[in-house]
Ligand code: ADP
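Before any questions on how it binds or moves, here is one chain, the form predicted alone, in structure tokens.
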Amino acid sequence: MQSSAGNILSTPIEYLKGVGPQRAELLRKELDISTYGDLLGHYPFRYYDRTRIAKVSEINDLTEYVQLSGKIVNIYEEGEGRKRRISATFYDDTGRINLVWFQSLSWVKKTLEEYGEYVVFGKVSSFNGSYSITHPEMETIARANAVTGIQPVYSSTARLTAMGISNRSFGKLTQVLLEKVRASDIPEILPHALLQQYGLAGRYQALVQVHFPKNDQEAQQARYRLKWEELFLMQMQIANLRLQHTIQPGYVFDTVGDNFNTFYKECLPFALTGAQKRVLREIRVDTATGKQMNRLVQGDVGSGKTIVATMSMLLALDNGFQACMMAPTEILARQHYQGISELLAPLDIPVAILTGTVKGKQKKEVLKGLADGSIPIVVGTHAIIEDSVQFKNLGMAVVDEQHKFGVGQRARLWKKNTMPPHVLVMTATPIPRTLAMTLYGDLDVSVIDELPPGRQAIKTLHRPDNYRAQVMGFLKEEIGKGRQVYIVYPLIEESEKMDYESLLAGYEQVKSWFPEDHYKIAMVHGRQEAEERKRNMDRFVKGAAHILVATTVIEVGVNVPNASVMLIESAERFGLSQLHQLRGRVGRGAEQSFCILLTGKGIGQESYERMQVMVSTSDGFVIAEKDLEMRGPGDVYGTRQSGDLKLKIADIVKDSPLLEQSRHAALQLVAEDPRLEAPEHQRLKEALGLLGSRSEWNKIS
């Protein structure tokens, strides 16, 4: 909830009656609620109908929350220490249910009255066939009328609940706040024309009704308005960035010269697909306009993005400029370096590598060559953006898997020149349309949606752990045919130590299935020194190891055409997009390849669904849509670096029609009034300013 400096909504939350310094500190830490405005923007995520009183006899296994009217008897205390609790029996004329309290026991003892008549409300749980409600909300029947109606439910945390800030507390605090706030404190920020066109409620009305609706219709109307506003403000920022891109001058690449043409005619390992040709045409048009190109190229694993990137860099060389490619990891950077060096070897074009492990004399030579222009192409990690790296004339920057780089990191690339280079962003992570409209809405998007000829579809199988012997037997058969095998273990940050131990145990288990006198095994993981990791990786790439036991460090960029099997251990611990990325490490040669998803016993329903999705499709976009649907945008793109997806009330999957509407409205408004100079747009301009002007980032993809 944005608020201007002189507004009541800027008031620190501790000054609200019922909060105070201690609770304020906790609200800040737990939910980022620092001001009155933040509290008003802490929206309910659902509502309960408190107009209906149910009967105890109506409760069944499907009952989630219930409101009952009756008497309390048999109040007693039991347990010791942390297990201390108060229990009571609540009954009406149809049956009885247990009530339990674990916190604020002295207060509960003082307020509960044996044979007192109460209205209770809470979440039903069952154990051994009997039902109970823990920490019910309670009112005497005499006072119960005050809490009937539609009751909001707010997200909270265990620490807040322990401090006595319950769902009901949020309701009371918000009520106290709304008694202080007038309509003039919450001015309308959307132009009147938009309110009419999309049937939106007024801003003040929506904020009051989202917290305290009289009925379901009011709640829906308020939520619709606030969701629309949230998505619209986000799309206005993106539309502004897009506008900046279209007016940002760029180098003119008006020549398609010897490097590009010779490579196309003589050096291509296979004919370009129609999709690759289409994307290259789009890049050629972009770079000839005199405006800076900002293009995202999406392509599934193995679709030939590297060839497109290489030819784009050759276009820069033909026009007298240098080019760079930046990758998020050392392994991926070296993979690109090796691949591009081999592709360009017949043209005698020098290609350098610059990563954290390039040091001493080698690094000095690379820095000198980039500064004097004798090195036309450099591939590397974030080492490329260090201040010591200076280019003579950088004209094309390719950023691979760019969501793994922060906005600030990419900004440093643009400062390498008087004018920002053309930017080609590549990702092998298929991005659902709704997410592309938010994460990359300011970029032009190209999709490489064909695989190169001769590639066979990868066969994906799901097997529970009791099939391990058969799976290992199959791996031996494939190795017997001269193929190689990946065995990947999960490595999740929160339990890294335990996972590392599991990896080492797994490595020992692999050795027991594949004795070292017959099989060569290499291991790669993030804890190894970079040199050791590279050495082990190289053994597998060169065919000196039959099996590579690894963590997800091999998720992107490793290209071993002879590897035909990807075995993923504890596959239930991976997300769909990650499983799809790992699967893409095989199927890079002409032989039939396999991906085997090995899971523990008794996996949950959601994990089982993920396995079924993987078995049923190899279409990365279908998988990405399903992943977004199952996990939500925050989880799928946990590495995002702009605050764009920190949505409080909207959901870009469920509210995609509103996203489409708000995007259309934003693009139209920016086209009509780019600088928001019209009088009716001044409140909107102010609100966008409060969201944080990223002026220095406006030219960055």
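Only a predicted model underlies this, so the values are computations on that prediction, with no experimental measurement involved. All residue numbers refer to positions in the sequence shown, first residue = 1.
Beyond what is shown, the protein has a form predicted together with adenosine-5'-diphosphate (ADP); the following relates to that form.
Partner contact region in the predicted bound form: 297 to 305, out of 182 to 190, 349 to 357, 67 to 75, 297 to 305, criterion any non-hydrogen atom within 4.5 Å of adenosine-5'-diphosphate (ADP). When adenosine-5'-diphosphate (ADP) is considered in the predicted bound form, Trp107 lies well away from it, no heavy atom lying within 4.5 Å. Interface residue remark: Ala162 is not counted as part of the site for adenosine-5'-diphosphate (ADP) in the predicted bound form, having no heavy atom within 4.5 Å. A residue is said to contact a partner when one of its heavy atoms sits within 4.5 Å of a partner heavy atom; Gln276 meets this definition for adenosine-5'-diphosphate (ADP) in the predicted bound form. At a distance threshold of 4.5 angstroms between non-hydrogen atoms, Arg455 is in contact with adenosine-5'-diphosphate (ADP) in the predicted bound form. Checking Leu272, Val622, Val100, Ile479 against adenosine-5'-diphosphate (ADP) in the predicted bound form, a heavy atom within 4.5 Å turns up for just one residue: Leu272. Among the residues Asn417, Asn559, Ser502, Gln220, the one placing a heavy atom within 4.5 Å of adenosine-5'-diphosphate (ADP) in the predicted bound form is Asn559. The partner is not shown here, and in the predicted bound form the stretch 317 to 343 never reaches within 4.5 angstroms of adenosine-5'-diphosphate (ADP) through any heavy atom.
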